[in-house]
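Heads up, the chain shows up twice below as C-alpha coordinates, two forms, tagged structure 1 and structure 2.
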Structure 1
Amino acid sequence: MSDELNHPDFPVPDELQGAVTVTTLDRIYNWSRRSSVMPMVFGLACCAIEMICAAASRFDISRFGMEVFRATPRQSDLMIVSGTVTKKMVPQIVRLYNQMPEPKYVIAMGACASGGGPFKEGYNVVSGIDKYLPVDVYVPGCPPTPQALLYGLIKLQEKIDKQSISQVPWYQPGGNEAVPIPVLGPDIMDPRQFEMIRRETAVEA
(Lines of atoms letter the chains of each structure in order from A and count residues from 1; the text may use other names and numbers.)
(Lines give C-alpha, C1' and ligand atoms only; values in the text may rest on other atoms or scores of the structure.)
Protein backbone atom coordinates (compact mmCIF):
# COMPACT_ATOMS: atom_id res chain seq x y z
CA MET A 1 0.00 0.00 0.00
CA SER A 2 1.50 3.30 -0.91
CA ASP A 3 2.11 5.66 1.89
CA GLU A 4 0.23 8.51 0.23
CA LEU A 5 -3.01 6.64 0.66
CA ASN A 6 -2.51 6.71 4.36
CA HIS A 7 -1.79 10.41 4.50
CA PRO A 8 -4.45 11.85 2.28
CA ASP A 9 -4.46 15.52 1.66
CA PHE A 10 -7.64 15.98 -0.26
CA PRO A 11 -9.63 19.07 0.60
CA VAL A 12 -13.36 18.38 0.77
CA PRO A 13 -15.37 20.94 -1.18
CA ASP A 14 -17.73 23.07 0.86
CA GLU A 15 -20.91 21.61 -0.61
CA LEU A 16 -19.79 18.11 0.36
CA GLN A 17 -18.85 18.90 3.95
CA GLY A 18 -20.84 16.66 6.25
CA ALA A 19 -21.51 14.18 3.49
CA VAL A 20 -17.99 13.10 2.69
CA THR A 21 -15.07 12.39 4.92
CA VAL A 22 -11.60 11.70 3.77
CA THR A 23 -9.74 9.21 5.86
CA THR A 24 -6.97 6.74 5.47
CA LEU A 25 -7.35 3.15 4.54
CA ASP A 26 -5.67 2.05 7.75
CA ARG A 27 -7.91 4.14 9.87
CA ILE A 28 -11.16 2.95 8.36
CA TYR A 29 -9.96 -0.63 8.27
CA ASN A 30 -8.97 -0.53 11.94
CA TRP A 31 -12.01 1.47 12.98
CA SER A 32 -14.38 -1.07 11.54
CA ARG A 33 -12.48 -3.97 13.03
CA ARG A 34 -12.05 -2.51 16.49
CA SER A 35 -15.72 -1.60 16.73
CA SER A 36 -17.01 -5.04 15.94
CA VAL A 37 -14.71 -7.53 17.56
CA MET A 38 -16.64 -10.76 17.82
CA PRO A 39 -15.43 -12.97 20.66
CA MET A 40 -15.93 -16.70 20.64
CA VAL A 41 -18.31 -18.36 23.10
CA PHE A 42 -15.55 -20.11 24.90
CA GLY A 43 -15.42 -20.50 28.65
CA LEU A 44 -12.89 -22.60 30.47
CA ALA A 45 -13.29 -22.05 34.18
CA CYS A 46 -14.19 -19.57 36.88
CA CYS A 47 -12.99 -16.62 34.83
CA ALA A 48 -15.64 -17.44 32.23
CA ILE A 49 -18.31 -16.46 34.73
CA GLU A 50 -16.85 -13.00 35.00
CA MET A 51 -16.59 -12.88 31.24
CA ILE A 52 -20.31 -13.62 31.03
CA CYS A 53 -20.94 -10.96 33.65
CA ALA A 54 -19.02 -8.52 31.51
CA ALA A 55 -21.48 -9.29 28.75
CA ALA A 56 -24.53 -9.23 31.01
CA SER A 57 -26.74 -6.61 32.58
CA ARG A 58 -24.49 -4.33 34.52
CA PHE A 59 -21.30 -4.16 32.52
CA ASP A 60 -22.66 -4.46 29.02
CA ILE A 61 -19.88 -5.29 26.65
CA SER A 62 -21.93 -4.04 23.70
CA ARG A 63 -20.76 -0.53 24.47
CA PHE A 64 -17.60 -1.66 22.73
CA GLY A 65 -19.30 -3.45 19.88
CA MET A 66 -18.29 -6.82 21.23
CA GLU A 67 -21.59 -8.32 22.29
CA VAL A 68 -21.87 -10.62 19.32
CA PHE A 69 -20.43 -13.74 20.88
CA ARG A 70 -20.07 -16.38 18.22
CA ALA A 71 -20.43 -20.05 18.96
CA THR A 72 -18.17 -21.11 16.15
CA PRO A 73 -14.52 -20.25 15.80
CA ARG A 74 -14.99 -19.68 12.08
CA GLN A 75 -16.93 -16.50 12.72
CA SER A 76 -14.93 -15.08 15.59
CA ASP A 77 -12.12 -12.58 15.80
CA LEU A 78 -11.17 -12.96 19.41
CA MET A 79 -10.52 -15.86 21.70
CA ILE A 80 -10.80 -14.95 25.36
CA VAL A 81 -8.98 -17.73 27.16
CA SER A 82 -11.00 -17.44 30.31
CA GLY A 83 -9.67 -19.89 32.81
CA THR A 84 -7.32 -22.70 33.60
CA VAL A 85 -5.81 -24.38 30.58
CA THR A 86 -5.36 -28.07 31.23
CA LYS A 87 -3.25 -30.52 29.33
CA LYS A 88 -6.32 -32.49 28.40
CA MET A 89 -7.98 -29.40 26.95
CA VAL A 90 -5.07 -27.72 25.20
CA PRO A 91 -5.26 -29.76 21.95
CA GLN A 92 -8.83 -28.56 21.50
CA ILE A 93 -7.89 -24.97 22.27
CA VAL A 94 -5.13 -24.99 19.70
CA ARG A 95 -7.46 -26.57 17.18
CA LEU A 96 -10.07 -23.89 17.81
CA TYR A 97 -7.45 -21.22 17.41
CA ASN A 98 -6.38 -22.69 14.10
CA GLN A 99 -9.97 -22.69 12.92
CA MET A 100 -10.38 -18.98 13.52
CA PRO A 101 -9.88 -16.89 10.40
CA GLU A 102 -7.36 -14.09 10.38
CA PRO A 103 -7.24 -11.46 11.75
CA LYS A 104 -7.50 -13.12 15.13
CA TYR A 105 -6.57 -12.11 18.62
CA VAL A 106 -6.11 -13.87 21.93
CA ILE A 107 -6.72 -12.45 25.38
CA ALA A 108 -5.36 -14.40 28.32
CA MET A 109 -7.90 -13.68 31.00
CA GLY A 110 -6.87 -14.27 34.57
CA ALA A 111 -3.92 -15.71 36.40
CA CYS A 112 -4.44 -19.24 35.11
CA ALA A 113 -4.50 -18.42 31.43
CA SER A 114 -1.59 -16.01 31.84
CA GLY A 115 0.74 -18.25 33.79
CA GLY A 116 -0.94 -21.17 35.49
CA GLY A 117 -2.32 -19.18 38.41
CA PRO A 118 -3.13 -20.87 41.69
CA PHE A 119 -3.09 -24.29 40.05
CA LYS A 120 0.24 -23.88 38.31
CA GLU A 121 1.96 -26.79 40.01
CA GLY A 122 -0.82 -29.21 39.09
CA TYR A 123 0.11 -32.20 36.96
CA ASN A 124 -2.68 -31.56 34.47
CA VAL A 125 -2.28 -27.79 34.27
CA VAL A 126 -0.55 -25.88 31.49
CA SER A 127 1.31 -22.92 32.92
CA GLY A 128 -0.19 -20.31 30.69
CA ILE A 129 -1.73 -20.47 27.24
CA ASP A 130 1.25 -18.57 25.85
CA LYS A 131 3.19 -21.83 25.95
CA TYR A 132 1.14 -22.73 22.88
CA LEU A 133 -0.54 -19.67 21.40
CA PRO A 134 0.53 -16.08 20.79
CA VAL A 135 -1.24 -13.82 23.28
CA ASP A 136 -2.15 -10.20 22.58
CA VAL A 137 -3.37 -8.97 25.95
CA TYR A 138 -2.93 -10.40 29.42
CA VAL A 139 -5.55 -9.48 32.00
CA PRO A 140 -4.37 -10.13 35.56
CA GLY A 141 -6.69 -11.16 38.37
CA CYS A 142 -8.22 -14.25 39.87
CA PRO A 143 -10.77 -13.72 38.47
CA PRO A 144 -10.32 -10.32 36.85
CA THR A 145 -13.41 -8.26 37.51
CA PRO A 146 -15.59 -7.47 34.51
CA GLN A 147 -14.14 -3.95 34.60
CA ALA A 148 -10.65 -5.39 34.29
CA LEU A 149 -11.69 -7.48 31.32
CA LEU A 150 -13.24 -4.45 29.67
CA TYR A 151 -10.00 -2.59 30.23
CA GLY A 152 -8.19 -5.46 28.54
CA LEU A 153 -10.55 -5.19 25.61
CA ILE A 154 -9.86 -1.48 25.34
CA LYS A 155 -6.17 -2.28 25.28
CA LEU A 156 -6.84 -4.71 22.47
CA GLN A 157 -8.64 -1.96 20.58
CA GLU A 158 -5.61 0.24 21.03
CA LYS A 159 -3.50 -2.51 19.61
CA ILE A 160 -5.79 -2.86 16.60
CA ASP A 161 -5.62 0.90 16.07
CA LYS A 162 -1.88 0.74 15.69
CA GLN A 163 -1.87 -1.91 12.99
CA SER A 164 -1.29 -1.06 9.38
CA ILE A 165 -2.91 -2.93 6.54
CA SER A 166 0.34 -2.85 4.67
CA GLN A 167 2.20 -4.70 7.36
CA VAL A 168 -0.24 -7.05 9.05
CA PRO A 169 1.03 -10.61 8.77
CA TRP A 170 -2.18 -12.06 7.37
CA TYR A 171 -1.79 -10.11 4.12
CA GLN A 172 1.83 -11.02 3.74
CA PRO A 173 2.78 -13.73 1.30
CA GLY A 174 2.53 -17.06 3.06
CA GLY A 175 0.39 -15.67 5.85
CA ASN A 176 0.41 -17.16 9.31
CA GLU A 177 1.09 -20.81 9.79
CA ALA A 178 -1.20 -23.01 11.81
CA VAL A 179 -0.03 -23.89 15.29
CA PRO A 180 0.74 -27.61 15.49
CA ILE A 181 -1.77 -29.41 17.67
CA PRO A 182 -0.33 -30.94 20.84
CA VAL A 183 -0.69 -34.68 21.35
CA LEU A 184 -1.69 -36.47 24.53
CA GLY A 185 0.92 -39.12 25.19
CA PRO A 186 2.43 -40.16 28.51
CA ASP A 187 2.34 -36.42 29.05
CA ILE A 188 1.31 -33.60 26.73
CA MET A 189 3.61 -33.35 23.70
CA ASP A 190 4.17 -30.28 21.62
CA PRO A 191 4.98 -31.43 18.07
CA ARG A 192 7.50 -28.58 17.87
CA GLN A 193 9.42 -30.36 20.59
CA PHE A 194 9.25 -33.92 19.22
CA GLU A 195 12.93 -33.99 18.29
CA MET A 196 13.92 -32.61 21.64
CA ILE A 197 11.78 -35.10 23.51
CA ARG A 198 13.39 -37.97 21.65
CA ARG A 199 16.87 -36.62 22.31
CA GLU A 200 16.28 -35.93 25.97
CA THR A 201 14.56 -39.19 26.84
CA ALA A 202 17.26 -41.18 25.09
CA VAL A 203 20.03 -39.78 27.28
CA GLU A 204 18.09 -39.80 30.52
CA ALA A 205 19.64 -42.10 33.03
Structure 2
Amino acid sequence: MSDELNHPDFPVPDELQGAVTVTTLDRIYNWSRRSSVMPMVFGLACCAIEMICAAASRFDISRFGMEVFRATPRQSDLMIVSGTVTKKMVPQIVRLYNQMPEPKYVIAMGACASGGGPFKEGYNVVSGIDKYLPVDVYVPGCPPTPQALLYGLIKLQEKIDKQSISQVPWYQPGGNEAVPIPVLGPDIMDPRQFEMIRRETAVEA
Protein backbone atom coordinates (compact mmCIF):
# COMPACT_ATOMS: atom_id res chain seq x y z
CA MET A 1 0.00 0.00 0.00
CA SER A 2 2.77 2.46 0.93
CA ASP A 3 4.44 1.90 -2.46
CA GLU A 4 1.27 3.08 -4.21
CA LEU A 5 0.88 6.15 -2.00
CA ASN A 6 4.47 7.33 -1.54
CA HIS A 7 5.37 10.37 -3.62
CA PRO A 8 8.57 9.66 -5.60
CA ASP A 9 9.82 13.23 -5.19
CA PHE A 10 9.85 12.90 -1.39
CA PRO A 11 11.71 9.70 -0.43
CA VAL A 12 11.03 8.25 3.02
CA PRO A 13 14.13 7.21 5.03
CA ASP A 14 14.61 3.49 5.48
CA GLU A 15 14.11 3.67 9.25
CA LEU A 16 10.67 5.25 8.71
CA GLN A 17 9.47 2.87 6.01
CA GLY A 18 6.13 1.40 7.03
CA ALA A 19 5.52 4.12 9.60
CA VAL A 20 5.41 7.31 7.51
CA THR A 21 3.99 7.97 4.06
CA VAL A 22 4.50 11.21 2.15
CA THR A 23 1.91 11.62 -0.56
CA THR A 24 -0.41 14.11 -2.26
CA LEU A 25 -4.10 14.73 -1.71
CA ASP A 26 -4.90 13.62 -5.27
CA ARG A 27 -3.02 10.35 -4.87
CA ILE A 28 -4.58 9.29 -1.57
CA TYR A 29 -8.04 10.42 -2.72
CA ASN A 30 -7.79 8.44 -5.97
CA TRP A 31 -6.30 5.43 -4.19
CA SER A 32 -9.25 5.27 -1.82
CA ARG A 33 -11.80 5.61 -4.65
CA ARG A 34 -10.18 3.10 -7.01
CA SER A 35 -10.24 0.48 -4.28
CA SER A 36 -13.91 0.89 -3.38
CA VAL A 37 -15.82 1.09 -6.66
CA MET A 38 -19.37 -0.25 -6.27
CA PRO A 39 -20.94 -1.54 -9.51
CA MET A 40 -24.68 -1.58 -9.98
CA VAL A 41 -26.57 -4.86 -10.34
CA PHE A 42 -27.49 -4.28 -13.95
CA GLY A 43 -27.46 -6.71 -16.88
CA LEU A 44 -29.11 -6.67 -20.26
CA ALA A 45 -28.19 -9.84 -22.17
CA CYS A 46 -25.58 -12.58 -22.50
CA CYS A 47 -22.71 -10.31 -21.41
CA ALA A 48 -24.36 -10.15 -17.99
CA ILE A 49 -23.59 -13.87 -17.51
CA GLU A 50 -19.89 -13.15 -18.01
CA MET A 51 -20.13 -10.26 -15.55
CA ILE A 52 -21.68 -12.64 -13.01
CA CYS A 53 -18.86 -15.13 -13.63
CA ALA A 54 -16.30 -12.39 -12.95
CA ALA A 55 -17.86 -11.91 -9.52
CA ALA A 56 -17.68 -15.63 -8.72
CA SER A 57 -14.91 -17.32 -6.77
CA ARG A 58 -12.82 -18.39 -9.78
CA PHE A 59 -12.04 -14.85 -10.89
CA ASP A 60 -12.50 -13.09 -7.53
CA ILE A 61 -13.40 -9.52 -8.42
CA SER A 62 -13.01 -8.63 -4.73
CA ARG A 63 -9.24 -8.38 -5.31
CA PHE A 64 -10.00 -5.00 -6.86
CA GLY A 65 -12.36 -3.85 -4.12
CA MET A 66 -15.33 -4.06 -6.50
CA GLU A 67 -17.22 -7.08 -5.21
CA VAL A 68 -20.07 -5.16 -3.57
CA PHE A 69 -22.72 -4.98 -6.31
CA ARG A 70 -25.41 -2.54 -5.27
CA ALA A 71 -29.10 -3.01 -6.03
CA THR A 72 -29.83 0.70 -6.24
CA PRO A 73 -28.20 3.39 -8.42
CA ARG A 74 -28.06 5.76 -5.45
CA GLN A 75 -25.42 3.55 -3.83
CA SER A 76 -23.46 2.79 -7.02
CA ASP A 77 -20.68 4.61 -8.82
CA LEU A 78 -20.09 2.22 -11.73
CA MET A 79 -22.57 1.19 -14.40
CA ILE A 80 -21.50 -1.85 -16.43
CA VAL A 81 -23.70 -1.87 -19.54
CA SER A 82 -23.51 -5.57 -20.27
CA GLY A 83 -25.56 -6.67 -23.24
CA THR A 84 -27.70 -5.53 -26.15
CA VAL A 85 -29.08 -2.01 -25.72
CA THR A 86 -32.54 -1.78 -27.26
CA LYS A 87 -34.31 1.50 -27.95
CA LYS A 88 -37.00 0.54 -25.46
CA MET A 89 -34.38 0.15 -22.73
CA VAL A 90 -32.34 3.31 -23.32
CA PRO A 91 -34.67 5.69 -21.38
CA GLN A 92 -34.44 3.40 -18.34
CA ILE A 93 -30.65 3.16 -18.62
CA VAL A 94 -30.29 6.95 -18.79
CA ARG A 95 -32.68 7.36 -15.86
CA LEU A 96 -30.62 4.97 -13.75
CA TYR A 97 -27.42 6.81 -14.74
CA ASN A 98 -28.89 10.14 -13.67
CA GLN A 99 -29.78 8.67 -10.27
CA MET A 100 -26.17 7.63 -9.59
CA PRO A 101 -24.17 10.07 -7.44
CA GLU A 102 -20.95 11.67 -8.63
CA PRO A 103 -18.30 10.52 -9.26
CA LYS A 104 -19.70 7.85 -11.55
CA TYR A 105 -18.30 5.80 -14.40
CA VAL A 106 -19.62 3.71 -17.28
CA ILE A 107 -18.13 0.56 -18.81
CA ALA A 108 -19.52 -0.61 -22.16
CA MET A 109 -19.13 -4.37 -21.94
CA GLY A 110 -19.24 -6.31 -25.18
CA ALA A 111 -19.80 -5.57 -28.85
CA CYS A 112 -23.50 -4.72 -28.45
CA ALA A 113 -23.03 -2.07 -25.76
CA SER A 114 -19.97 -0.66 -27.55
CA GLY A 115 -21.33 -0.40 -31.08
CA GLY A 116 -24.45 -2.47 -31.68
CA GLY A 117 -22.69 -5.79 -32.21
CA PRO A 118 -24.32 -8.28 -34.61
CA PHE A 119 -27.56 -6.30 -34.33
CA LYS A 120 -26.05 -3.02 -35.51
CA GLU A 121 -28.44 -0.97 -37.66
CA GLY A 122 -31.32 -3.16 -36.48
CA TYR A 123 -34.67 -1.45 -36.16
CA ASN A 124 -34.79 -1.81 -32.37
CA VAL A 125 -31.12 -1.72 -31.31
CA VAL A 126 -28.97 1.29 -30.40
CA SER A 127 -25.55 1.34 -32.10
CA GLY A 128 -23.63 1.89 -28.89
CA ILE A 129 -24.59 3.26 -25.49
CA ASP A 130 -22.02 6.05 -25.98
CA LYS A 131 -24.60 7.85 -28.12
CA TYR A 132 -26.44 8.62 -24.88
CA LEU A 133 -24.00 8.21 -21.98
CA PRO A 134 -20.32 9.13 -21.52
CA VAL A 135 -18.40 5.83 -21.62
CA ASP A 136 -15.10 5.58 -19.74
CA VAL A 137 -13.91 2.09 -20.78
CA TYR A 138 -14.85 -0.20 -23.67
CA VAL A 139 -14.49 -3.97 -23.22
CA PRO A 140 -14.53 -5.68 -26.66
CA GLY A 141 -15.82 -9.17 -27.36
CA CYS A 142 -19.03 -11.04 -28.08
CA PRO A 143 -19.31 -11.82 -25.29
CA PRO A 144 -16.06 -10.76 -23.58
CA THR A 145 -14.61 -13.20 -21.09
CA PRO A 146 -14.55 -12.48 -17.34
CA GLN A 147 -10.81 -11.87 -17.71
CA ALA A 148 -11.55 -9.15 -20.27
CA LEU A 149 -13.94 -7.45 -17.87
CA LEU A 150 -11.32 -7.57 -15.12
CA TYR A 151 -8.84 -5.96 -17.53
CA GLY A 152 -11.42 -3.25 -18.22
CA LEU A 153 -11.78 -2.66 -14.48
CA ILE A 154 -8.01 -2.32 -14.18
CA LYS A 155 -8.07 0.28 -16.97
CA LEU A 156 -10.80 2.14 -15.11
CA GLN A 157 -8.61 2.16 -12.01
CA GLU A 158 -5.75 3.58 -14.06
CA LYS A 159 -8.05 6.34 -15.30
CA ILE A 160 -9.12 7.14 -11.74
CA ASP A 161 -5.44 7.34 -10.71
CA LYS A 162 -4.85 10.13 -13.23
CA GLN A 163 -7.71 12.35 -12.08
CA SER A 164 -7.19 15.54 -10.09
CA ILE A 165 -9.58 16.99 -7.53
CA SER A 166 -9.05 20.46 -9.00
CA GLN A 167 -10.08 19.37 -12.51
CA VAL A 168 -12.81 16.72 -12.17
CA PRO A 169 -16.18 18.11 -13.30
CA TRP A 170 -18.14 17.07 -10.20
CA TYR A 171 -16.17 19.53 -8.04
CA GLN A 172 -16.57 22.44 -10.45
CA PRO A 173 -19.16 25.21 -9.92
CA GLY A 174 -22.53 24.02 -11.11
CA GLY A 175 -21.48 20.37 -11.34
CA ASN A 176 -22.59 18.05 -14.11
CA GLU A 177 -25.99 18.39 -15.71
CA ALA A 178 -28.27 15.38 -15.92
CA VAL A 179 -28.38 13.56 -19.25
CA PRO A 180 -31.71 14.24 -20.99
CA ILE A 181 -33.86 11.11 -21.02
CA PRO A 182 -34.50 9.97 -24.61
CA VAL A 183 -38.08 10.06 -25.86
CA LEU A 184 -39.44 6.77 -27.16
CA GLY A 185 -42.03 7.17 -29.91
CA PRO A 186 -42.12 5.76 -33.45
CA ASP A 187 -38.35 5.88 -33.01
CA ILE A 188 -36.10 6.95 -30.14
CA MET A 189 -35.07 10.60 -30.11
CA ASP A 190 -32.43 12.37 -28.07
CA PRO A 191 -33.81 15.67 -26.68
CA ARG A 192 -30.39 17.24 -27.34
CA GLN A 193 -31.04 16.78 -31.07
CA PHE A 194 -34.55 18.26 -31.18
CA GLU A 195 -33.39 21.65 -32.44
CA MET A 196 -31.33 20.05 -35.22
CA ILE A 197 -34.30 17.89 -36.24
CA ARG A 198 -36.53 20.98 -36.38
CA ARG A 199 -34.04 22.83 -38.58
CA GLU A 200 -33.60 19.93 -41.01
CA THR A 201 -37.37 19.39 -41.17
CA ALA A 202 -37.93 23.07 -41.94
CA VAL A 203 -35.31 22.98 -44.74
CA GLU A 204 -36.91 19.91 -46.33
CA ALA A 205 -40.36 21.49 -46.09
Partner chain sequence: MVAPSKPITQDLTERFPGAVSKDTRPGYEGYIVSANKLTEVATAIRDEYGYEYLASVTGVDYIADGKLEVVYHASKMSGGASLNFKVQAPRDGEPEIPSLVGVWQGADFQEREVYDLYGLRFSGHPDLRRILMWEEFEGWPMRKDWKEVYYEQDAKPFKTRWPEGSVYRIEEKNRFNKNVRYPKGFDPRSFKSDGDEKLYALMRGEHLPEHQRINTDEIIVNMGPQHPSTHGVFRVVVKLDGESVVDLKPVMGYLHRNHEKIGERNTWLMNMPYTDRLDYLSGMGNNHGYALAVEKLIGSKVPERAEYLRVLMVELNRIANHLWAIGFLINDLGAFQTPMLYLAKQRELILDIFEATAGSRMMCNYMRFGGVVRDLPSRIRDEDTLDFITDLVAERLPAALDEIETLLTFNEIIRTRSIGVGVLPAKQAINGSAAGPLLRASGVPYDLRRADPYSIYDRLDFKVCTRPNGDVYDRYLVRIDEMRESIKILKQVLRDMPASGAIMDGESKYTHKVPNGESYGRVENPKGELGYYVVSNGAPNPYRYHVRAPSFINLTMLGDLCKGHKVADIVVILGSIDIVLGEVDR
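We call the rigid core the largest set of C-alpha positions that still match within 1.5 Å between the two forms. What you see is a predicted model, and the numbers here were worked out from it, not measured in a lab. For residue numbers, the reference is structure 1: its sequence is counted from 1.
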Legend entry - Panel number for the form predicted in complex with the partner chain: 1
Inset, instruction - Superpose on the rigid core, then tell me if the C-alpha of residue 183 is displaced by 2 angstroms or more between the two structures. - result: no
Legend entry - After superposing on the core, C-alpha shift for residue 197 between the two structures in angstrom: 2.5
